[in-house]
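Next comes just one chain, in structure tokens: the form predicted alone.
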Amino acid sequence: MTRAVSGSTFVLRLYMALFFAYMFLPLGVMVAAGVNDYSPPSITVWQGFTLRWFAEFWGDARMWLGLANSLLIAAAVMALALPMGLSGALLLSQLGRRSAGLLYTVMVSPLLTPGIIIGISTVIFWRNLDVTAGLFTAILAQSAFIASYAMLMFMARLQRQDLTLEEAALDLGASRARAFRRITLPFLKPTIMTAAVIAFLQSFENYNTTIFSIGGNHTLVTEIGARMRFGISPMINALGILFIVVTVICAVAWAALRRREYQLESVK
């Protein structure tokens, strides 16, 4: 019995070691290549530790403009996708199962449509209205499918809502708008925050839809993709290191905030 337990423990530890190696070894290689003085990126040919690739990124005006465009588009997509997704979720939750079936399929269809099709269709549609492809069309193209992600998240949350609370508020004289603001919105608050983060990240990292809808402008992702055609620069690795650092900082801050909220709730 002891041998069986020790054997299963060994297998579990081996599996966890392989899993974490599979997850983090590529990141380790990227970090090592980002501080290697050798170009193109390599860890087998080591020419010494350097930070010059960070300095190269810092002085690259086009990359900074792409980052600014990415942040602007992601913020606008988040502002559009969340209300659209919430509206769709509320509509579907109020309809009967038969009526909602076809409408649900239509609203979810952007998730199944290739990003290239969405990007090109958006540009063609707005070109007929004399609108040049640019940041505006990129925002609309991304919002078309990211809103579907938000809608699915809101629908999952609304299915767990106790509808008797809203009905009681209406019976007591509250308007539908007030009942929604005081009951439904607080109930949806965790999902709103999660959907906002997912919408922002989905927009920030999107390439297929953006490259076909942004016209002569560019984002950080499309600029990196364009430069990959001419060879990989260690500056891209340095940029990846910066994103890892920002991600870790955000994760630690979120964990600290959650722990603080938990402590405050336990004190109450």
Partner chain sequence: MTRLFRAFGAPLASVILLLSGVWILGLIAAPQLIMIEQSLWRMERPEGSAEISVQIDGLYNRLDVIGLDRSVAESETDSAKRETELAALAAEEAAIKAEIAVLEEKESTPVKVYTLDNFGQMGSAHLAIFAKTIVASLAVSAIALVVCYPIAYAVAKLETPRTAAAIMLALVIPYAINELLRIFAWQMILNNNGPANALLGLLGFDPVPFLDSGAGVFVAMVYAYILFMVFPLYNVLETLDSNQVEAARDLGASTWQIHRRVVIPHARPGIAVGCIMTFMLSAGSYAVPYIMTRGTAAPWFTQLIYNRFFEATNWNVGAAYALSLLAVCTVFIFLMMRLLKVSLKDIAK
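Note that the coordinates shown come from a computational prediction; the quantities given were computed from them, not determined experimentally. Numbering follows the first chain given and starts at 1. In this text, the rigid core denotes the largest set of C-alpha atoms whose superposition between the two forms falls within 1.5 Å.
There is also a form predicted together with its partner chain; it is not shown, and the following applies to it.
K.L.:
Does the trio 19, 124 and 247 actually contact its partner chain in the model of the complex, every residue with a heavy atom within 4.5 Å?
P.N.:
The answer is yes; 19, 124 and 247 each reach its partner chain.
K.L.:
Pick from 192, 165, 108, 198: which residue has any heavy atom within 4.5 angstroms of its partner chain in the model of the complex?
P.N.:
When its partner chain is considered in the model of the complex, the option within 4.5 Å is 108.
K.L.:
Give a yes or no for residue 172: in the model of the complex, does one of its heavy atoms lie within 4.5 Å of a heavy atom belonging to its partner chain?
P.N.:
Output for residue 172 is no: heavy atoms all beyond 4.5 Å of its partner chain.
K.L.:
With a cut-off of 4.5 Å between heavy atoms, is residue 228 one of the residues that contacts its partner chain in the model of the complex?
P.N.:
Contact check for residue 228: yes, within 4.5 Å of its partner chain in the model of the complex.
K.L.:
Test of understanding: in the model of the complex, would residue 114 fall inside 4.5 Å of its partner chain by heavy atoms?
P.N.:
Residue 114: yes, in contact with its partner chain in the model of the complex.
K.L.:
Is there a heavy atom of residue 176 lying 4.5 Å or less from a heavy atom of its partner chain in the model of the complex?
P.N.:
Yes, residue 176 sits close enough to its partner chain in the model of the complex that at least one of its heavy atoms falls within 4.5 Å.
K.L.:
Any residue of 11 to 30 with a heavy atom within 4.5 Å of its partner chain in the model of the complex counts; write them all down in order.
P.N.:
Sequence-ordered list: 12, 13, 15, 16, 19, 20, 22, 23, 24, 26, 27, 29, 30.
K.L.:
Answer yes if the Cα of residue 243 shifts by 2 angstroms or more between the shown form and the other one on a rigid-core superposition, and no otherwise.
P.N.:
The answer is yes, as the C-alpha of residue 243 shifts between the shown form and the other one by 2 Å or more after core alignment.
K.L.:
After a core superposition, would you say residue 42 shifts its C-alpha by at least 2 Å between the shown form and the other one?
P.N.:
Passes the 2 Å threshold, so yes.
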